[in-house]
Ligand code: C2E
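Before any questions on how it binds or moves, here is one chain, the form predicted alone, in structure tokens.
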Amino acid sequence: MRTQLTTYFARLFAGDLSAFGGPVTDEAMAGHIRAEQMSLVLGYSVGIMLANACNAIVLAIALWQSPDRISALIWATAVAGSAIAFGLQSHAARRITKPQFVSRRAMHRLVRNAFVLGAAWGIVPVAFFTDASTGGQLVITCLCSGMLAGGALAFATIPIAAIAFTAPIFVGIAVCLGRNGDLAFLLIAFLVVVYGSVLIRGVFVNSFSFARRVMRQIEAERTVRLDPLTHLPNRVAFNETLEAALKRLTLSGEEFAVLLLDLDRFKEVNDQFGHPAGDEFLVQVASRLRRCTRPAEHVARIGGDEFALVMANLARPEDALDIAERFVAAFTEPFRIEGRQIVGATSVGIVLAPRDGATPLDVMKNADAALYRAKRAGPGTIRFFEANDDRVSRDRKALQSDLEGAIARNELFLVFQPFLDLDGSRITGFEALLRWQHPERGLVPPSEFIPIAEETGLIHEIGEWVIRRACATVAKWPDDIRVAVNFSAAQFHNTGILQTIVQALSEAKVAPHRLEIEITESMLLSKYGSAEPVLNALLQLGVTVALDDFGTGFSSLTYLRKLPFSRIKIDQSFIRDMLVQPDCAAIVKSVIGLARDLNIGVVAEGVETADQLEYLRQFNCDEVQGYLISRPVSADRVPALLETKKLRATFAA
């Protein structure tokens, strides 16, 4: 019972109309209604406060001949001074952009102030009416009646504030008239009650109508400013919120932060499971993000898998970091979609205004730069904007623009690094490695342009070019030589990749077993679904599949047992240290033995010395790759490397 009463009074003094039988709303809608109510009050407040000051002065003049003139003068000075100060404050507040949400606490302050002002006028008939002259009594009666009407007008949309203001005046009038037994005063008291009842009823009727009108307006605006899929604010609403925050910054110096979020590897969800699953993923993400924010703040979906938040009234940067950490933590639990568990992650970039920008363009450009640095650091990373980010962002966008036309301008090319079979001391194949010769930047490392290609979707076009070029090149080599092509996660989970491979092999007239697809454990660890169907399809096609960077992931043995790999490649970090660190030597020896027992071929990467080669030969490693055998070479130098006599003389046991 006590809890119910506490809840009821909390709603009552927050201006919630449902406490009086009005329309029921959730807190978000109630906050919007309070914002509209507060805006109207501020619109009236300057005139009402000016009227209060004038009325106080008129009362002091009317009571100048009264015995209570000193008390009246003190009262009038206090009321007039307070009214002028509050009027100036309200005038300044009106210049600031109207807030979209007003808290219950702000409404509590308004109701309290209304009561204080009403109580000040409620004192007048009790303290000054009896000893006043007939003219003074007439002035008091007129002023109190006027204040009742003015209060009802000012708080016409907020019944609790209207009651808080008018009730003390009614009580004051009742006490004053009740002490006087004159029939005329009793008639006046009756008229005041009737007058007040009509006013209060009018307030209730007007406030209910106003609330319903605001609710309809908000619902109509939501259709324009709401993302239809996630029911979050869209880019239009976000831009309006950002512009409002910048205006408040200009007028009052109120600082704010913008948090920009991007879902890591979201494209893979669409590629692997289709757009319906991707849509459901976004809906669940939106629900989790919504729970991380305060009622006055709303995460917006501003792009396919991009979300943003304007954090208003920022007290310290740590507050923005706290919200960002909540966003990241919201992805801890897997998402359940179509009977599958999908693990998601987000990266967050943060800008602080005005430090990091004072225009919408600067704020969003810098937020994007901070987000890019966060994404490069890995899933679940948070980064504040730094001055150096701007240069990096410009370089990245320029590189992205240049990459879009790199294929057409014939700037991409392949180099080939051989695999050496240790039994026959002969080359059995080559790994195709992508390179980009930029006309101005020179040779751009794959570590720089491949992530950009994956983020923008260019990886599909580039990947298809690599497959076709590799197949066309291997067609010119002897039939027992294969070519290996690296696949990124985005390519691998693209449902059209099988068709691309079939077409490339057919056009080049190359047998499927001469093409090898290399995938990494980090790709499989993305957990966006089972890789088994695609791998089995490749195996049925006749294409071989190699697991690259073996040993650097977390579930290698599970993959070897469940997925149809033809070959595994031991990561070069183990090969580099195996002669000086016993644990690396043990790992290499164990992996070779395991691969042989499972009837899987094994390749050692990064072989650079003759001692490493001899060690691997002792443990029956199948193939090796590294600078000792050859650095990557262009296609026209491959025939020279295929001279078996020279190789046998160099690497024979």
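Quick caveat: nothing in here was measured; it's all calculated off a predicted structure. Heads up: residue numbers just count along the shown sequence, starting at 1.
One more form of this protein should be noted, the form predicted in complex with the ligand, which is absent from this view; the next part is about it.
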Thinking of 55, 84 and 172 as the candidate spot, does the ligand come within 4.5 Å of a heavy atom on all of them in the predicted complex?
-> no
Should residue 606 be classed as touching the ligand in the predicted complex when contacts are defined as heavy atoms within 4.5 Å?
-> yes
Check whether residue 446 has any heavy atom within 4.5 Å of a heavy atom of the ligand in the predicted complex, and answer yes or no.
-> yes
Contact between residue 31 and the ligand in the predicted complex at 4.5 Å, heavy atoms?
-> no
Wondering, does residue 632 line up within 4.5 Å of the ligand in the predicted complex on heavy atoms?
-> yes
Heavy atom within 4.5 Å of the ligand in the predicted complex: which of 352, 120, 200, 434 fits that? Just give me the one.
-> 434
Sole residue of 113, 417, 234, 428 within 4.5 Å of the ligand in the predicted complex, by heavy atom = 417
With the partner removed from view, which of 587-595, 620-628, 64-72, 38-46 is the stretch that lies within 4.5 Å of the ligand in the predicted complex, judged by heavy atom distances?
-> 620-628
